[in-house]
Ligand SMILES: Nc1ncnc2c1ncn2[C@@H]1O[C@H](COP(=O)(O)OP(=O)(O)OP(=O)(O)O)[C@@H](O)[C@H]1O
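Just the one chain here, the form predicted alone, laid out as structure tokens.
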Amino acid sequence: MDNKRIVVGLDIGTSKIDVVIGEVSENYEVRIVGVGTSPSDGLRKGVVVNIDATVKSVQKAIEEAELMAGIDVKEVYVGVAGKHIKSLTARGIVAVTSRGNEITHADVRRVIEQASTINLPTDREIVHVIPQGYAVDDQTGIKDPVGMNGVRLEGDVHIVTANTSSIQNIYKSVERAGIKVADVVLQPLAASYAVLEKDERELGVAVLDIGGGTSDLAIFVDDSIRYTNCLDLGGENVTNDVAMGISTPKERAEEIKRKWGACKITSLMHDEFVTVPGVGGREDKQVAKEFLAKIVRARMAEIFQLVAKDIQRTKLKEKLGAGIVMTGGCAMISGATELAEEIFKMPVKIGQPRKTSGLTDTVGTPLHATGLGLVLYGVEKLKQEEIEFGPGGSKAQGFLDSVKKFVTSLKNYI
């Protein structure tokens, strides 16, 4: 496998570290050859709070994936999330200077660079600059202006920024684990590469990634990303509620939530019980599944209601013709989809990772959507670099590295 191209995704979450290794063919098809998962220590709400603990968790997950794939991981694409992530939209305007006023790739690069020249506080940095659309003179709604004629080119971009120290701590944690960071990627953006189809992005769709510490939202309309945000609630909040409600340690509460948690209350639950181990020498006790479901449903409803309000504020709800796609561990809780549809008043489905071969049974769940999406993101980036610079081409040759930005193209998914 040494002569194969390898792309690795590293999803550093609040509750787990997920590593996915992909082998890339000459025509950019992906075969998953290794997966590693470990409990996440040293993070809170998507932010590193203990570097040493994070390094050990990363090393454990990477070693597991390396053993399965039979390779040594050299570099990874890392998913980022957390309340420190912010986004905004910006517009750039440039004059077309080529002979005959024909718009070139250079003009497009210039307008994106101009749009991304924004004033940021010293403690923030740009993670993504994502093109949304273009206008040539008075003609708007253009996806690809190259080859068109005009004297003025305008471009709208979606800019994702992050707290610099948070990003640096992620870099430091990964590099101390002996791995190079190829790029950092917004987690819901990465998940979208694994679970969305082109027609969904064109029709309008929201990706809701409910992780352990946060719930991350990304909205796509007309095949372009329009909005991103992070809410400070996630699966850990559900687990904590269960732990408090039935008086059991957090580790046991997490296990009970995964096995018996539900968002839909049925008449049968009243007569069904879960055995909860006693604490501090106390005897085991029986807890009605109905009571457990009420706890889980209440917190999941709160998460969905906050996300629904956030979507409403964007004024994009009416454009979400394909509804919402959920990923993350909480998406798998029984009845979560039905509860989400009840609150969002639109179609909701669980995102099933796709577009790969190999260990599809292992990665084909919402739990691995971000990890797999990071691999697909990396493959798309590899593809764009090789198209522009040829095999072995480097992003260092591109203009965007001169301003330390990577323009994410959402038109050509794997």
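One rule holds for the numbers: they count along the sequence shown, beginning at 1. This is a predicted model, so every value here is computed, not measured.
Another form exists, predicted together with the named molecule; not displayed. Remarks below refer to it.
When contacts are defined as a non-hydrogen atom within 4.5 Å, none of 204, 320 and 351 contacts the named molecule in the predicted complex.
Site annotation in the predicted complex: the residue of 85, 333, 108, 159 reaching within 4.5 Å of the named molecule with a heavy atom is 333. Mapping the unseen interface onto this chain, residue 214 counts among the residues with a heavy atom inside 4.5 Å of the named molecule in the predicted complex. In the predicted complex, residue 36 stays away from the named molecule, with no heavy atom inside 4.5 Å. Taking the partner from elsewhere, residue 367 is found to have a heavy atom lying within 4.5 Å of the named molecule in the predicted complex. Looking at residue 131, you'd find every heavy atom of it more than 4.5 angstroms from the named molecule in the predicted complex. The chain is drawn here without the named molecule; in the predicted complex, the stretch among 191-199, 323-331, 303-311, 97-105 whose residues come within 4.5 Å of it by any heavy atom is 323-331. Residues of 7-32 that come within 4.5 Å of the named molecule in the predicted complex, judged by any heavy atom, are 11, 13, 14, 15, 16 in sequence order.
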